[in-house]
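Given next, in structure tokens, is a single chain: the form predicted alone.
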């Protein structure tokens, strides 16, 4: 058993070093000194309090989307539609705030209603992907991708149509909500302790759910072999749908927090790729919820720190995505090689 652990760690360390080597070569070919470039990323992420706060702001939705996809991965489902689910969460949160903003309802309750609306919106959109797969025979990858496009189109329609700012419709989004409807944040920042707390709580819930409950055991049985699980009496399609609903609720909560704490309005690109990034984090950690918090923080730091590459070295900030994608690809390849090695041993 100990030998297997060391082999696993060796393959993961090798994959990380290989990814670092390849990105270093890319930097050299791009004309950027590797050490200075990596130093710029570190400085961009941790060089000041402002930068660290930006990392934490990115960390929160990434925790939620990763926690969500871990549930669907456990059920053997590729919930590619999580981007759309986060977007629908933002739309529903905006709808909830707009419904009650001019009433006598207390601001704290309206904020809570917005979060609940967001969770409901994300769950609804995920349920559509689940229904397409369960009752329509549409693969969840294709159904999810299609729903992502619909969610984006719906956001643009609302921003430029019914919810547009008085006299103007622009990519800057809807009219900002009154400050009393903002989720509480640290003074002068968009960092919400409530957002961070809810995100970490979601990860803890998923960890307990998948590791310490009969529900999690049955969910993983469905993911491993749906036919066998059904023969053993597990209601398979119901568990698959429930996985979609839970994942969508977490994604919707991420979208609601973006509306209430970060931007205070609905934006056309409010999901900002966090759904797809959550998929990468989940694959990188081999679907182990215990690693979500540190690895999601690492990815958030890369995202924020890489902005310095554009400023200092005139490189596109998407370089961070190259490193992230390489890490996931090489570690997945390493896991495959490790399994083959262990089978031969």
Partner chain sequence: MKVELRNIHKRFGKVHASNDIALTIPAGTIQGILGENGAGKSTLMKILSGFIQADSGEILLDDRQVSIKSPADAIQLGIGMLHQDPLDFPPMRLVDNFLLGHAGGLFPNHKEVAWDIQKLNAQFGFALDPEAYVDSLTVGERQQLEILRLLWLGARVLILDEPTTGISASQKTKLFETLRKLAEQGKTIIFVSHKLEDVDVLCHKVAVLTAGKLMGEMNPPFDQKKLVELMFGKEISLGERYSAAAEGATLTLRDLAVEDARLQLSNVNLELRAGEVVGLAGMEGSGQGLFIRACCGLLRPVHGKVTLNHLDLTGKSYHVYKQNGATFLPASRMEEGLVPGLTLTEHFILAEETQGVFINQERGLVLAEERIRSFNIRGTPTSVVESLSGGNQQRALLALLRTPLSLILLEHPTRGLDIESAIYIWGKLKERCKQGSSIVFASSDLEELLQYSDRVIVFYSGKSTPPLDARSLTAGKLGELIGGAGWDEWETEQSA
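Positions refer to the first chain, counted from 1. No experiment lies behind these values; they were computed from the predicted model shown.
What comes next is about the form predicted in complex with the partner chain, which does not appear here.
Contact between residue 231 and the partner chain in the predicted complex is found at the 4.5 Å heavy atom cutoff. Using a 4.5 Å cutoff between non-hydrogen atoms, residue 189 does not count as a contact of the partner chain in the predicted complex.
When the partner chain is considered in the predicted complex, residue 135 lies well away from it, no heavy atom lying within 4.5 Å. The shortest heavy atom separation between residue 127 and the partner chain in the predicted complex exceeds 4.5 Å. Contact with the partner chain in the predicted complex, judged as any non-hydrogen atom within 4.5 angstroms, is confined among 269-277, 102-110, 241-249, 212-220 to 212-220. Site annotation in the predicted complex: the residue of 208, 201, 145, 154 reaching within 4.5 Å of the partner chain with a heavy atom is 208. In summary, among the residues 225, 139, 184, 172, the only one with a non-hydrogen atom within 4.5 Å of the partner chain in the predicted complex is 225. With contact defined as any non-hydrogen atom lying within 4.5 angstroms of the partner chain in the predicted complex, the stretch 272-309 contains no contacting residue.
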